[in-house]
Ligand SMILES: Cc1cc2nc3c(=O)[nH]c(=O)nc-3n(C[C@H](O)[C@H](O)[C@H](O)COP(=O)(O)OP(=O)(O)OC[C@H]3O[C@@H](n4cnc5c(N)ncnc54)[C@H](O)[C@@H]3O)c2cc1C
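Just one chain follows, in the form predicted on its own, and it is written as structure tokens.
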Amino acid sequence: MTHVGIVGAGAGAAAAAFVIDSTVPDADVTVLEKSGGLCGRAATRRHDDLTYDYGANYLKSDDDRVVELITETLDDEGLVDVTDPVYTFEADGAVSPGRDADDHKWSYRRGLTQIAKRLFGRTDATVHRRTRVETVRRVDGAGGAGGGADEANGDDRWELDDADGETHGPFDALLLNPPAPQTAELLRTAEWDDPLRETLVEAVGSVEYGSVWTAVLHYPFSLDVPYYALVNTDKEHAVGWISREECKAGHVPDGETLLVVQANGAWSAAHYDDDPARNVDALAAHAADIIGDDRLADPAWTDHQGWRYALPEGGVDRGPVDSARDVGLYLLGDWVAGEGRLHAAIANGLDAGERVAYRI
């Protein structure tokens, strides 16, 4: 039996596990996820009768394989498509129509986390939540530390130590799905004596990220506006994005409003560690000003989340990433794809899964 280890349970990891399990039925897949949830930044929360996607807002239809996966391969029960358009606004707050009016904007009645849940649910993978990986180790076929000249024997494998001192593996193939800075740290401290490790650390560590600080604002009244969301096109406003969760069927009761307000990268970085209540108040005031409704400055209920590693600002040098596959190490995620979008993460996971399946 072939053993595959995956660190992180994001959308890319879920797509890779789905491909491996369906292509190589006797593969044993183990997933270690540090948090209690699935699907990474495509995150969903619930509060009373409210459901809201507070990280990635929806799945775009920019990749035919992803579209087929979501609409045909997987059960499409509960899939919702937001038909209201995305409008734009600039630094002065002036709102204009005209973006993504005809594109699909998918979520689920139960939220975007359904993507990973449904993908993992179609596999026999074992998913360990709240399991933080602290050490990556390359071992030879006899169970000792491997690397360097030992790689030539083809029997070297991977082991993982978690924060509770438990060892997982050995694995014939290892997939790393965390954001680039966290992946770089795992590689930097890896017990793996090979020049490729240092090359990988340099390449992965050079991927820069933008932070996003998000406020979730609930109101006991509905808004009469013609759009689902507003996006800041000149990137000069403190707010980068505002969306209305009530445009997703099943997320918000009739007659109510739930806004997801995401600050831009500069504002998020500057205020990331500030008092959350002050940040929420500031973003609510901005939302009221942009939408043109003073009532929005005083939400009835709020939530918030900071995403330190939200959006990769570029791709990774593919040379070292491709070379790592020769030793059964695969890096995946939107930062490998070079585009900080949910569909890109899923597509990259499908690619990684196919490569692992071919190898084993």
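The numbering used is simple: start at 1 and walk along the sequence shown. Only a predicted model underlies this, so the values are computations on that prediction, with no experimental measurement involved.
Separately, the form predicted together with this ligand exists; it is not shown, and the next lines address it.
Three-residue candidate spot 11, 214 and 345; every residue lies within 4.5 angstroms of this ligand in the predicted bound form by at least one non-hydrogen atom. Contact annotation for residue 131: at least one heavy atom lies within 4.5 Å of this ligand in the predicted bound form.
Taking the partner from elsewhere, residue 50 is found to have every heavy atom lying beyond 4.5 Å of this ligand in the predicted bound form.
At a distance threshold of 4.5 angstroms between non-hydrogen atoms, residue 57 is in contact with this ligand in the predicted bound form. Taking the partner from elsewhere, residue 311 is found to have a heavy atom lying within 4.5 Å of this ligand in the predicted bound form.
Residue 179 is the only one of 170, 111, 179, 240 with a heavy atom lying within 4.5 Å of this ligand in the predicted bound form. Shown without its partner, this chain lists 74, 280, 186, 231 as candidates; in the predicted bound form, only 186 has a non-hydrogen atom within 4.5 angstroms of this ligand. Heavy atoms within 4.5 Å of this ligand in the predicted bound form are found in one stretch of 219-227, 194-202, 79-87, 131-139, which is 131-139. Along 258-285, a single residue, 262, places a heavy atom within 4.5 Å of this ligand in the predicted bound form.
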